[in-house]
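There is one chain below, alone, in structure tokens, taken in the form predicted on its own.
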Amino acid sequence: MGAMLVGAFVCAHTPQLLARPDTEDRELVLRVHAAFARVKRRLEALRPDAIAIVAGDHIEAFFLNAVPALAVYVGAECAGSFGRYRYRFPVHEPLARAIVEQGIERGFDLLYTQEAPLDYAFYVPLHFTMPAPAVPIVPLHVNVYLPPQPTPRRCHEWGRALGEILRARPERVVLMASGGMSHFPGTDRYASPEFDWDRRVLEQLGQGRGLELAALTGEELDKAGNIELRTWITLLGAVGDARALVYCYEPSWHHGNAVVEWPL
């Protein structure tokens, strides 16, 4: 009996949740931490053999050397740093290699790497939610920052293929997406995210209407400060019309922080 995709979650990776600067509302940060703790308890209950985590890269792993639309880390381990944090995670190599091989068989031109540094977009959620005992990960990179990015539709197609690959594996796998919601870093809109847009999307996801997000254009995502939703849309391809359970939505002055589960 093959095991399967046993859980699906999305987690904010707002750096301020980890670095805790004085600019932040302490109570809000602690509420997001409580939602992360809830994810951690769920992961302990689900007992996954691996966590496949989909995240964007803030120009840490890929820049002028190469900008893949979609990439998979396949080495024995991956590592990176963020501020005073240095981190290292074992990679579930058989699963990572199967994703590359079968993804390519399904028509996705995946880049794979054994040494790119691991961005904080991967680390922040794992810092708060990694179950005990810890499990190996498979980092799945989606280019959300450097144009031209993959279209939302392509991300959804990749997610659907990923879901098929994971469901056919012997391991128990949890799929996690990192990122979002609305924020406008480095722009004059930094202090006014699109919170209403975020809430509408969460409502859609609660109704199992994730497919509608795949129909958005890159331009629409950009306008709403939600270019990172490409990672969510990838996960939505894998979970289909499952209904989302929103653990929290905390609008800080610069960022819509969401933590969501799809009970499978």
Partner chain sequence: MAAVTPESSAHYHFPPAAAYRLNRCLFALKSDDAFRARYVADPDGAMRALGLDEADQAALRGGDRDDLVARGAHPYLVFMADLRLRMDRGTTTFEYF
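Keep in mind the model is a prediction, meaning the values are calculated, not measured. Numbering follows the first chain given and starts at 1.
Separately, the form predicted in complex with the partner chain exists; it is not shown, and the next lines address it.
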Choose from 127-135, 90-98, 69-77, 168-176 the stretch whose residues reach within 4.5 Å of the partner chain in the predicted bound form, heavy atoms counted.
127-135
Is there a heavy atom of residue 45 no more than 4.5 Å from a heavy atom of the partner chain in the predicted bound form?
no
Flag residue 106 as yes or no: does it have a non-hydrogen atom within 4.5 angstroms of any non-hydrogen atom of the partner chain in the predicted bound form?
no
So in the predicted bound form, is the partner chain close enough to residue 17 to count as touching (4.5 Å, heavy atoms)?
yes
Residue contact check: residue 213 to the partner chain in the predicted bound form, 4.5 Å heavy atom:
no
All three of 30, 60 and 189 touching the partner chain in the predicted bound form at 4.5 Å, heavy atom to heavy atom?
yes
Quick one: of 35, 239, 50, 227, which gets a non-hydrogen atom within 4.5 angstroms of the partner chain in the predicted bound form?
227
Suppose contact means any heavy atom within 4.5 Å; which members of 97-112 contact the partner chain in the predicted bound form?
none
